[in-house]
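One chain comes next, on its own, written as structure tokens: the form predicted alone.
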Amino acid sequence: MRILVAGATGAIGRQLVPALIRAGHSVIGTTRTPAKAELIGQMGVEPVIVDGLDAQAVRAAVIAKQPEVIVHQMTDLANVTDLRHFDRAFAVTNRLRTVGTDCLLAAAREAGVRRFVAQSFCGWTYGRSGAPVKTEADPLDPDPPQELRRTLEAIQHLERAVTGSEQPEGIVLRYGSFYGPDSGILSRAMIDQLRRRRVPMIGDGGGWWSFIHVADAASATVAAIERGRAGNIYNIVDDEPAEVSEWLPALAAIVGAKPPFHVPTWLGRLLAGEHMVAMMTEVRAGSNVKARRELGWQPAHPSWRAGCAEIVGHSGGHSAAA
């Protein structure tokens, strides 16, 4: 199939493009900058420079390239470090989830694109009560902390628009918190914060998180393109959801940091905000049972613990030290 990957140079896009090529697909990759277009060319695919928020430019690119499938991986997360002001940090990504999604879908309909697969998120978005591990049928948080509301609204907009689309048929992938070489929870910024003991354990650390290796996120996306059911949402996560009280000290140990400081909930609320307290103490993880069953997919890295240790080991323990 002829597949256009919008956002081909992101953490997942860089893994997805080669995976699609290996699967025998013809790939076009978009980016906003000439420098990144060169990177796309080096991956062996056709680059297209386009601003995902420019409706006319998106329309022109999609009509000119005539893909059969569009994969929406557009985000702006490379420099997101200020999670205290969460919605502000995610402002551009949220526009890409709303305006960008609408631009791509409109162009896809006009160009006769058959399938549209979009990136969403599996993590703090689920309701914070009930079972610690949620399925795609469970509701999202009906009353998120104030600092997360615009971001959750953007996620919900994307999911409604994509799953509600019949032409092209839409599929949503809720990726877990991702990790890879110098990306996600193994980014230089995150590891530096861990080594400086600037990521404290808040309260009981009872919040549940799900993770996914970027290579597994890519392989699941290929599976969704080929075998996903139209109108469906899939949690793309590994087999080992974990409480913050488990994964945060384990991650610190993996990167050679001292154990995180512990702060009580009231102090965490003052220092980091109500939303960060919720992420540390209340959020819920996701189950990958549906993705395994319907996509015929399974993660090659079923445990974040082993996956992170493997990456740090291959880098000689210096993945973020330089």
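A residue's number is simply how far along the shown sequence it sits, counting from 1. The shown structure was predicted, so the numbers you read here are calculated from the model rather than taken from an experiment.
Keep in mind that the form predicted together with a small molecule is not shown, yet the notes after this line are about it.
Residues within 4.5 angstroms of the small molecule in the predicted complex, judged by any non-hydrogen atom, belong to 183 to 191 and to none of the other stretches in 241 to 249, 225 to 233, 183 to 191, 138 to 146. For the candidate spot formed by W124, D204 and S287, no residue has a non-hydrogen atom within 4.5 angstroms of the small molecule in the predicted complex. Taking the partner from the other structure, the small molecule in the predicted complex has a heavy atom within 4.5 Å of a heavy atom of L77.
With a 4.5 Å cutoff on heavy atoms, K36 counts as touching the small molecule in the predicted complex. At a distance threshold of 4.5 angstroms between non-hydrogen atoms, T101 is out of contact with the small molecule in the predicted complex. Within this chain, V17 is remote from the site of the small molecule in the predicted complex, having no heavy atom within 4.5 Å. Of the residues K258, R32, R292, H262, just one reaches the small molecule in the predicted complex with a heavy atom at 4.5 Å or closer; this is R32. Of the residues L105, I171, L96, L158, just one reaches the small molecule in the predicted complex with a heavy atom at 4.5 Å or closer; this is L96.
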